[in-house]
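There is one chain below, alone, in structure tokens, taken in the form predicted on its own.
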Amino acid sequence: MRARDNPFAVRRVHAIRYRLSGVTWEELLERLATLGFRAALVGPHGHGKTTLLEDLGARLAERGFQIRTATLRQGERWLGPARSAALFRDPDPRDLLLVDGAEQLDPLSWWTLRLRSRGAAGLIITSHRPGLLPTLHEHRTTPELLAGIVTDLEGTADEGEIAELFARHRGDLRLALRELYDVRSRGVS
């Protein structure tokens, strides 16, 4: 199978957007406003924090906020000049700062981010653990969620395969979908 024909190709997986459970978008946005637009999306790897942050940013941009983003990967302990410029250059009170992977920051960098974000409309982060900012949404995946995504991508989902994948990857949907990509590329179903 050619990579572009694989139902689990990256471009197809990235087209799947976050699926809220137990709350509506309006309720989530109301809670965010109540928190003064300073909040965290919390959960383990592969549970949708980045996707929700992206979708939340788009909805907030529609409401007149100017979205500024920075992404930290594992081991990146400070923002550095490029990310700092993206977040803080020519500040405007309509700026909403979105920082993916904020738990990576060392204590001084975290303190600096919080201090420098005070002039912005808000700061929304993703983190693997609670406590950096008030929790807006705690991410939890389910086998049913994985099955729904697989069905959207492939047209069908085998319950046994989904249950095994979910358990093997401890709910990390990113890893489960990567494995499905590998399995389908070898022609195994």
Partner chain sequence: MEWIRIETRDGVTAFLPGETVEGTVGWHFDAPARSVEVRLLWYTEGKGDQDVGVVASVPLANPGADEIRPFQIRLPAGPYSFSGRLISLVWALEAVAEPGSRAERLPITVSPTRQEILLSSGASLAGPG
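Because the structure is predicted, anything quoted here is derived from the model rather than measured. Positions refer to the first chain, counted from 1.
The same protein also exists as the form predicted together with its partner chain; that form is not shown, yet it is the one meant from here on.
Contact annotation: H169 falls outside 4.5 Å of its partner chain in the predicted bound form, judged by heavy atom distances.
Residue contact with its partner chain in the predicted bound form: Y181 places a heavy atom within 4.5 Å of it. Looking at A15, you'd find every heavy atom of it more than 4.5 angstroms from its partner chain in the predicted bound form.
Proximity of A9 to its partner chain in the predicted bound form falls within the 4.5 Å heavy atom cutoff.
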